[in-house]
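Quick setup: one chain, the form predicted on its own, written in structure tokens, and binding and motion questions come after.
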Amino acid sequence: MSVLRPRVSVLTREQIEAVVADAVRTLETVGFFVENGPALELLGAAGVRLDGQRAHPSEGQLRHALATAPPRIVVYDRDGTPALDLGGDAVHFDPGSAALHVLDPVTRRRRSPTTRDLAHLAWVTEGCRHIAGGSTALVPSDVPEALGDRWRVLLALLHGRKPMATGTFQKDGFAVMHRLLAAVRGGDEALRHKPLAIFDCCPTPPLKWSDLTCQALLDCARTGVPAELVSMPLGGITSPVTVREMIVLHCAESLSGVLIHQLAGPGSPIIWGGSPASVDMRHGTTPMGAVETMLVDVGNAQVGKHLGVPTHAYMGMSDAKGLDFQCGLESGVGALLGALAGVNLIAGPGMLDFETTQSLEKLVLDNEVCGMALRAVQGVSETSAGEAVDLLRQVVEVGSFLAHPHTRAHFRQELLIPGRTIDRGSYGDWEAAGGPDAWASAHAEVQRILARGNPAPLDESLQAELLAIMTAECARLGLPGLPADPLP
């Protein structure tokens, strides 16, 4: 028997086609600006009309690029086991990437992250069963900026098994990051066959590809590393303020990214992602927890699905500064809407303050949010269909179903059992435990995870190989040695 999958949509098929048509016409007439020389050469060689550094692709050229992009991408964990199956309506979560701050558990105020924080983030992510992917979600302040992107990948590999979302900060970073990933996987071709990381590639709205992010697209395409387009229109600032036109701009920027990427490596894996935001004109802020932002995200995902590529969105996060009502409201609504929209990869668990701050305590709470969202999309099971009348007759006769074989057979499949941070006990039990609030429960869970140490230590010979790669990179950059202990 089939099960109806609960879902949410904000656009009809006709509206999606109209959005795509507007995006295509925008690219044909307005075009997109490209700072990267090799990308411009690729576009010109493919017959794309160039007006200086502005490219004007035709609809046929865009459709051809979409046709070569794979509709499904499988990303594997460090051990080579499939972890992220990106395609169709499959849903997965990861903590997002590149927060500039961490929420300190003692002061409950944000501070600059360190290498230790990034290692601990990987440990906690490993302990979150509903979060399938990891990420280099913090920018450590105790290493030189020139080393930051590759240092984050090193730490993610040393401290976690889950595949990671990451990205380059410098053009020379990709080669070293790829070398680290390939060393763990067993070579370049093994990594191409079983990718371990996804690289974010972010256009600059409106309709511009910087030299750095364009180079990241080219590098990913040529090595087979999955690229994740992260278009970031800001309503009323760098895009029109209306939700529909934000979706049009996102579509145009993403189409331009698919074109560059597929020209560089036809058939290479690419994800239709984004991090748009409506703008609160009262404060000049970009609320990721605004419902209008979520509408754009859902619309973007619908367009990506219509065009046949895997999808991504930054959802399940909050603009709150701590773990309060606003935090739960925005994170829960975002994660659920993203899951109901069938977004393949939802980034954002653990994130606060307009995508700038990561919190380990929020991450373990969001793990429960993700679990509930994933359970919701499973819908209503029909495994007992046809038994209802007989079961109801029996419950009337026996008066209780606690010990009934049907209850024992289906209880764990039907009911999601939450972790320690969700309170479903009695008031008396809660009071006897000291009346903990969400912060106290989450902090206790984080401490339990950290007390166990690294849950996924890397083989010592591979550790040595990765450290040797990083030591050589430090020498190339003129650093006297590793700037911090990568195994805190």
Partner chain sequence: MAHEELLAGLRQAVLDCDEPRAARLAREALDTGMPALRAIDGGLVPGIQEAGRLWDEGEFFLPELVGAAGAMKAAMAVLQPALAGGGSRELGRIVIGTVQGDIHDIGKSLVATLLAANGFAVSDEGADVPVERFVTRARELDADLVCASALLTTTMVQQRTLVEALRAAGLRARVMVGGAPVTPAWAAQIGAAGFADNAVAAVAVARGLVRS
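Positions refer to the first chain, counted from 1. Worth saying up front: this structure is predicted, and the values here are computed from it rather than measured.
What comes next is about the form predicted in complex with its partner chain, which does not appear here.
Enquirer: If contact means a heavy atom within 4.5 Å, which one of 175-183, 326-334, 275-283, 193-201 is the stretch that engages its partner chain in the predicted bound form?
Expert: It is 275-283 that comes within 4.5 Å of the partner.
Enquirer: Within 4.5 Å of its partner chain in the predicted bound form, do Arg110, Val139 and Phe169 each have at least one heavy atom?
Expert: Contact check passed for all of Arg110, Val139 and Phe169.
Enquirer: Could you tell me if Thr242 has a non-hydrogen atom within 4.5 Å of its partner chain in the predicted bound form?
Expert: No, no contact at 4.5 Å.
Enquirer: So in the predicted bound form, does any heavy atom of Asp390 sit within 4.5 Å of its partner chain?
Expert: Output for Asp390 is no: heavy atoms all beyond 4.5 Å of its partner chain.
Enquirer: Applying a 4.5 Å heavy atom distance criterion, does Gly224 contact its partner chain in the predicted bound form?
Expert: Contact with its partner chain, no.
Enquirer: Do Gly148 and its partner chain share at least one heavy atom pair within 4.5 Å in the predicted bound form?
Expert: Yes, contact at 4.5 Å.
Enquirer: If you check Ala376, Ala264, Ile237, Ala320 against its partner chain in the predicted bound form, which one has a heavy atom within 4.5 Å?
Expert: Flagged contact: Ile237.
Enquirer: Which one of Ser210, Thr407, Gln394, Thr114 is close to its partner chain in the predicted bound form, taking close to mean a heavy atom within 4.5 Å?
Expert: Answer to the contact question: Ser210.
Enquirer: Would you mind checking 79-118 for residues with a heavy atom within 4.5 Å of its partner chain in the predicted bound form?
Expert: Read in sequence order, the residues that approach its partner chain (within 4.5 Å, in the predicted bound form) are Leu100, His101, Arg110.
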